[in-house]
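Okay, so here's just one chain, in structure tokens, the form predicted alone.
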Amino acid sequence: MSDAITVPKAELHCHIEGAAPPTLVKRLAEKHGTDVSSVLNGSGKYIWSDFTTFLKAYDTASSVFKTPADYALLAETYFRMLAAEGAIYGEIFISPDHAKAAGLSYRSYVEGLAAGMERAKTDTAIEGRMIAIGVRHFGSASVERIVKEVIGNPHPLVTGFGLAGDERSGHPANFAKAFRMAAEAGLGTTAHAGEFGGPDSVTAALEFLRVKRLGHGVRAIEDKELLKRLVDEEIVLEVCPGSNIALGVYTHLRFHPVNMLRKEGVKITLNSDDPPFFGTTLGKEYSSVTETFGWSFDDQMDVTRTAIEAAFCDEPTRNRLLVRLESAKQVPMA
């Protein structure tokens, strides 16, 4: 058995609708009479060519999830896949806007997802949490509405709030109020920055949103002062190498700054973002980065430990996960 399988893994950055396997989308499309032929090819892969067509494919595939039971099936399927790759913990971004488009209330959306997560946990012992996201290009009023919905309908598995969508739309200052409300309610906070936006987008997210975690953040490598700030403030980056390459942020994994960031002392985690769209999985992220940059078993363990320490979960859960991680060191390699 290889290191890639035996290393316990943890994921902090995955959009649940973007984790839908094409087979599941096709099955539900047939059940609901939804046409997804424009975004699925004959060999069962998603069709897209750039960021705009990716978003269209994403929304079309998401449209087949119409009931709490559909979302339960999606969450159960994804968490079982994660567990099969050796993951002990996963956080998923959930999109109340997609639920609303499907005609579901926020509460029934969350309860559906939670039911699927619990089923996967019963069989595999994988822990999971949810991070509700506001969509940047929908504007500050929309993002604040989602924070209020999350706070007004508390659920034990919804432990975080984040900002996604087009980084080039709307300055982080516009969303400062929403993030302040989330933090005051005890939610962990994270924001996408430094993916399509440059280092300045990372700085703005830190200044105005006061986050301790950043989705992507890799463009920080272009600014030495910012790198020092990330290290000093112990900001954790949710790095998604496969996603960055698929979307053309970098041309090849060997040119991706994930290894350089780590060498500079920045806290990084590995994540799959929208796995079937980008031809990846969490396991592939660990194995490809390990192979490309010559990481050891201990290097991979450190990345998982960083993720668990930065996870938006309660301390007893975190401590149990750290015990599970440490116990992996005692397992002899096959």
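Note that the structure is predicted; figures quoted are calculated from it, not measured. Counting begins at 1, following the sequence as shown.
In what follows, reference is made to the form predicted in complex with a small molecule, a form of this protein that is not presented.
Proximity of Glu285 to the small molecule in the predicted complex: non-hydrogen atoms within 4.5 Å are absent; the residue sits far from the partner.
Interface membership of His15, defined by any non-hydrogen atom within 4.5 Å of the small molecule in the predicted complex, is confirmed. In the predicted complex, the small molecule lies within 4.5 Å of some heavy atom of Gly165. Using a 4.5 angstroms limit between non-hydrogen atoms, Leu55 touches the small molecule in the predicted complex.
Here is the short version: of Arg219, Arg213, His192, His256, the single residue with a heavy atom within 4.5 Å of the small molecule in the predicted complex is His192. Look at 267-275, 288-296, 302-310, 37-45: in the predicted complex, residues with non-hydrogen atoms within 4.5 angstroms of the small molecule sit in 267-275.
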